[in-house]
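The chain that follows stands alone, in the form predicted alone, written as structure tokens.
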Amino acid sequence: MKNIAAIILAAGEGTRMKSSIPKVLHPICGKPMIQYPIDTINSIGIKKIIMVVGHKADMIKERLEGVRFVKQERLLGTADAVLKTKNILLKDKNIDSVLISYGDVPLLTPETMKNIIQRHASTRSACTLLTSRLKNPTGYGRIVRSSNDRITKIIEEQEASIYEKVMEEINVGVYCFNKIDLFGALGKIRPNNRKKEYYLTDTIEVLAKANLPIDSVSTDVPEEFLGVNTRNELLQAEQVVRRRVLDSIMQKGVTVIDPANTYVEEGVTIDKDTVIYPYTFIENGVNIGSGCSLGPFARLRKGTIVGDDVSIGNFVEIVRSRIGKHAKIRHKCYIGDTIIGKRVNIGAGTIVANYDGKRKNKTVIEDDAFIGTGTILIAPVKIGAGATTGAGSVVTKGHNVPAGRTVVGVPAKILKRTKRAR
């Protein structure tokens, strides 16, 4: 994929989202919508990605890395947006072809994109585009073909005649162009439509009239080309990604008791033989070992690493913490910014008070410690190996518990060792 660059179009206002946030930054399963096409394109080996931004461009630039940004100052249509990349791409002699997709179509799979590119390379067409067939094609541009099945143009729905509107083959909105043919065709487009915009789809008719070959690849999976323009469509995309994530982890040997009531975001890794019980919420950036038990009603937040054979139970919330092998955190606990060693038992109702109003502070609980029911640990604090806190103890900031000792009370104090009577 060294001779191909990608353009992602993300300049639109997204008015139907009714939001002050750019449409492409709305999260889907814990990740900004726009990150999905970026990750998909990266996964198939395309390293040069140019994103065309416009509406609230600075906000988008702050959130993303690994792409080059080009700004469309005036939103004059998709063809005008692609033209903004002309100087960059024509100067790059290593680029022969250009893959174009949209930032609000996040569900395309790497396999589909590979199929388009491989077809384009094998046929050496001026353009290879992705199509599909729908019984109800409302909202999509229609593919117009000649009597010998040659693609002659794409007609947008608002420009289509009654005859064209009943056509079932639709334009999905993913293209692979020969670079020279693309920019040659863009220079001939005029805004002769109701919106007075420059449509990228008009390049197909320009290429066809020049007798340049146009090819297509078809998909029969409608969810792949779901465009996200409304909150309802955002929800649909969320449901698709959520199902894909759960399917992926189950294929790797993880048991999900009730997928309909389990939420695992993109970017979570879970090893085999772990069991996830209902109403468990796992955010992206969490890593979980093998043989663990999670939930029900557990929440694992970003930055959490869980070792093998750990038990995390009802109403437990963990954030930015590392949990050692064979640890148990079973009931109604909050663990924040904490390193927990091996074989540690955290009693019901334990709270790690990690925030002092200004900063998040660290807590360390070493191997084999036993934290009694209702303990409050005020960070920063350290509980030594094999130490014990009595039920209801409050271990205050900086008052570390030595290894093997027991503390009790409010504030917690070391329980004195007494001599045995003879």
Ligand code: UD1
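The first residue of the shown sequence is 1; numbering continues from there. Quantities reported herein were computed from a predicted structural model and do not represent experimental measurements.
Beyond what is shown, the protein has a form predicted in complex with the ligand; the following relates to that form.
Engineer: Is the ligand close enough to 293, 309 and 374 in the predicted complex that each of the three has a heavy atom within 4.5 Å of it?
Structural biologist: No, the candidate spot makes no contact with the ligand.
Engineer: Quick one: which of 316-324, 251-259, 90-98, 171-179 gets within 4.5 Å of the ligand in the predicted complex, going by heavy atoms?
Structural biologist: Among the candidates, contact is made by 171-179.
Engineer: Hey, in the predicted complex, is residue 412 touching the ligand, heavy atoms inside 4.5 Å?
Structural biologist: No - in the predicted complex, heavy atoms of residue 412 and the ligand never come within 4.5 Å of each other.
Engineer: So in the predicted complex, does any heavy atom of residue 77 sit within 4.5 Å of the ligand?
Structural biologist: Residue-level check for residue 77: yes, a contact with the ligand.
Engineer: Should residue 125 be counted as a contact of the ligand in the predicted complex, where contact means heavy atoms within 4.5 Å?
Structural biologist: Output for residue 125 is no: heavy atoms all beyond 4.5 Å of the ligand.
Engineer: Residue 105: heavy atom within 4.5 Å of the ligand in the predicted complex?
Structural biologist: Looking in the predicted complex, residue contacts with the ligand include residue 105, since a heavy atom lies within 4.5 Å.
Engineer: Within 4.5 Å, heavy atoms only, which of 81, 344, 276, 214 is in contact with the ligand in the predicted complex?
Structural biologist: None of the others qualify; the residue that does is 81.
Engineer: Find the only residue in 72, 280, 338, 304 having a heavy atom within 4.5 Å of the ligand in the predicted complex.
Structural biologist: Of 72, 280, 338, 304, the residue with a heavy atom within 4.5 Å of the ligand in the predicted complex is 72.
Engineer: Pick out the residues of 118-147 whose heavy atoms come within 4.5 Å of the ligand in the predicted complex.
Structural biologist: 140, 141, in sequence order.
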